[in-house]
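A lone chain, given as structure tokens: the form predicted on its own.
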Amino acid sequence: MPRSERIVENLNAALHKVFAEDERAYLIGEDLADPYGGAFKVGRGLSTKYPERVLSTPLSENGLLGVANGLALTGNTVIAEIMFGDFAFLAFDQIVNFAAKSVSMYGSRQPLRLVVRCPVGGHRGYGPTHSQAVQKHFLGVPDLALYELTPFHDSADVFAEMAERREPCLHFEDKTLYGRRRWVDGTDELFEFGFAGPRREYGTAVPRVGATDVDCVIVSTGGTAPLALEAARRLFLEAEIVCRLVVPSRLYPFDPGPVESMLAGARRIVVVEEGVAGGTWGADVADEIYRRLWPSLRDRVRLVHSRASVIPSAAHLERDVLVQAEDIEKAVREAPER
């Protein structure tokens, strides 16, 4: 696989591209001004280059989303940064009750170009209130689209797609991905990486040997993709189980159409997400697969979640709670081969 930039660099470049191409683009959030550039440096350089369009705020999630909504409603493109996705609950009313509803409640469709960036997930030792995967709490809201940062996708393409929707979008960003390098088209010593769908909305990885006879499809969200690839690598080398990894960039609305043929041909299907079970994206994906592929399924769709627990700060305890590659490997091995 060709060497690529780190994901945080790709994301930062995507924001610079938005600002360069759209003079009505704004970035708003806490501590965004250089040299800090935000808690994870995603906004680095923007306040220096565009000082009038980067609004660095104090702790005020509900307030800054209110300002973001106003800017977006008056025709601007607004990217709001929630420092940790856990704090999006503080702005739940502005996101769900105001931004999403504003698209359609004024008598005619009102474009609202707002992207709310939410760093999520654990594995960093940040503890119970800074480590959650909060995606499921925003699922199923009309006119509110959910996207997720992945190791596959070019963030510039994803941000262009979100702007085209002309409706508010949440962009979940697993913190463990920021420092990783992107997976781009090509191969490593074992896997071939590529895309599926007319807009390359699904990233895929499959062993170069055995790709025509896949035993299992693992569908995973952005932050769990590296864990799923680690599990798939071990399963292939140790048990000759061929797994295809499928990673969507958009969680909701979810359209499995571009990968339906891949799912239909698999003996086993495993869906992985870091959140805890109950009303989740993974459950919705499984339901969609059942409705489309029930006659051809050979086994139930297996779901992998984190344990229903607060997330500890101590590394060894956090590891016991959050999804690990071993959990994914176990789910694949337990599924019958029929």
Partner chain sequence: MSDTQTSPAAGGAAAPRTAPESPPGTALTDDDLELLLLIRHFELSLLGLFSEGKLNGTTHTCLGQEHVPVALAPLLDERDHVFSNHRGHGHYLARFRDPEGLLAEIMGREGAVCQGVGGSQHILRGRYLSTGVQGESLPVAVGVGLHLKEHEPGRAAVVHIGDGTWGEGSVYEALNMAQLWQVPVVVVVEHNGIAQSTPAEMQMAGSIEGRAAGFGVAYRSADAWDVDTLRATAGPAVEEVRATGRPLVLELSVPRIGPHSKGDDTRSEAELAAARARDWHARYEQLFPERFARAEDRMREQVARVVRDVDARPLSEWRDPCLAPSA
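Positions refer to the first chain, counted from 1. Please read these numbers as outputs of a predicted model, since none were measured by experiment.
In what follows, reference is made to the form predicted together with the partner chain, a form of this protein that is not presented.
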- Check, residue by residue, if 66, 106 and 142 all come within 4.5 Å of the partner chain in the model of the complex, counting heavy atoms only. yes
- Select from the listed residues 24, 319, 330, 17 the one whose heavy atoms reach within 4.5 Å of the partner chain in the model of the complex. 24
- Of the options 279, 70, 35, 51, which one has a non-hydrogen atom that comes within 4.5 Å of the partner chain in the model of the complex? 70
- Query: Thinking of the partner chain in the model of the complex, which stretch from 238-246, 107-115, 123-131, 184-192 has heavy atoms inside 4.5 Å of it?
  - Reply: 107-115
- Would residue 179 sit within 4.5 Å of the partner chain in the model of the complex, counting heavy atoms only? no
- Does any heavy atom of residue 260 come within 4.5 Å of a heavy atom of the partner chain in the model of the complex? no
- Examine residue 313 and determine whether its closest non-hydrogen atom to the partner chain in the model of the complex is within 4.5 angstroms. no
- Decide whether residue 98 counts as a contact residue for the partner chain in the model of the complex under a heavy atom distance cut-off of 4.5 Å. yes
- Query: Hey, which residues along 120-137 are within 4.5 angstroms of the partner chain in the model of the complex, non-hydrogen atoms only?
  - Reply: none
